[in-house]
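Shown below, as structure tokens, is a lone chain in the form predicted on its own; questions about how it binds or moves come after it.
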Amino acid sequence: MELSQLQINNVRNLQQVKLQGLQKVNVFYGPNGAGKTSILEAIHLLGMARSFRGSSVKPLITHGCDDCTVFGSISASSPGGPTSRLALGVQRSASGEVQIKVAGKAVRTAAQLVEHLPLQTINADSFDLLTGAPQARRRYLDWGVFHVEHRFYSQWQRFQRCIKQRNNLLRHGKMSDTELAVWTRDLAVSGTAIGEYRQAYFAELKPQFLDIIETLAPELKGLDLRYRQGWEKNTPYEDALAISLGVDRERGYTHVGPQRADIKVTIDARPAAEVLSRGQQKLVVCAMKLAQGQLMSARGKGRCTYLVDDLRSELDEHHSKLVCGLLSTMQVQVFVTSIARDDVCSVWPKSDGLEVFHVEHGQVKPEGNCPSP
């Protein structure tokens, strides 16, 4: 699936932008504040029904407007077969209302949208995979599981309902043992399934990551990923809940389970965030994101689209070329921003045709392909 057309209305300083004939690699360059990142943000809104800059909607909408809208057309083709097209549309209002349409029909949940335009974002916030709280790494892990394991989402929804009800009972301290046992039993079933799906996915993801980081930064010997499921490793989740019941009653919430899962990124058994330079951290983050894209393709689940904000930030020319080379090999669609056009054109493989757009004051002007060296 590739995004072939994009229409943006009232997303930050992008009041009316229409892009047609989008290619495999699309470069947006221009000065700071021109609207480059807002284009990536609009694509993220189209694929995820939310911004990657935060949960608040009002800053996303052009000042003085009541809502913002993004429309897109994605195309898919198979060898020897016809090209099919699918229209997507997302509108966010200042009041918080969300409207999502797929093929002209309204859908109720973002999950029904996400599967049509899988997105990976590499930007300044991506460093949270190393330096942030475990929640960022759980979201990273669950993105991958969602796209390769169709049973995951229903179990995840069930788990969220169960833990909310169980925590309400624990917090208020007035519950019958029978009622608590019912929610605990259901929580154990869904939590066990989530843990198994995550573990199976991680077992495939880790080798992909290690291969990629060996290409990007062979000097980082001893780099490792470890998955922690959120309760004692060799203990069934049902037993872990039983063991922790006294503490749960005392604290008023469930403190073991998938909601405590994490991925530990270490080098020589030390936290990578404490040891690596900023540039090395970005290479690790890139490897983690690229590994998910490779695994998705390997599992026959299609290709994801990459949104890369300020590619050259933190990376020298050599490592920028390595990242671009891997993205090119993966045959994924890429939307990438930079201050200067040559920041991308000089490091992307010349065999790929790059569509270039100049962005300034919220206006986007197509400039054709990168010039030949």
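For every residue, the number given is its place in the sequence shown, counted from 1. Predicted model only: the values in this text are computed from it and were never measured.
Just so you know, the form predicted in complex with a small molecule exists too; it's not on screen, but the next bit is about it.
- When the small molecule is considered in the predicted bound form, only one residue from 51, 38, 305, 26 comes within 4.5 Å through any heavy atom, namely 38.
- Of the heavy atoms in residue 323, none are within 4.5 Å of the small molecule in the predicted bound form.
- In the predicted bound form, no heavy atom of residue 346 sits within 4.5 Å of the small molecule.
- Although the partner is absent here, residue 13 sits close enough that one of its heavy atoms falls within 4.5 Å of the small molecule in the predicted bound form.
- The closest non-hydrogen atom of residue 330 lies beyond 4.5 Å of the small molecule in the predicted bound form.
- Screening 314-322, 26-34, 43-51, 66-74 for residues having heavy atoms within 4.5 Å of the small molecule in the predicted bound form returns a single hit, 26-34.
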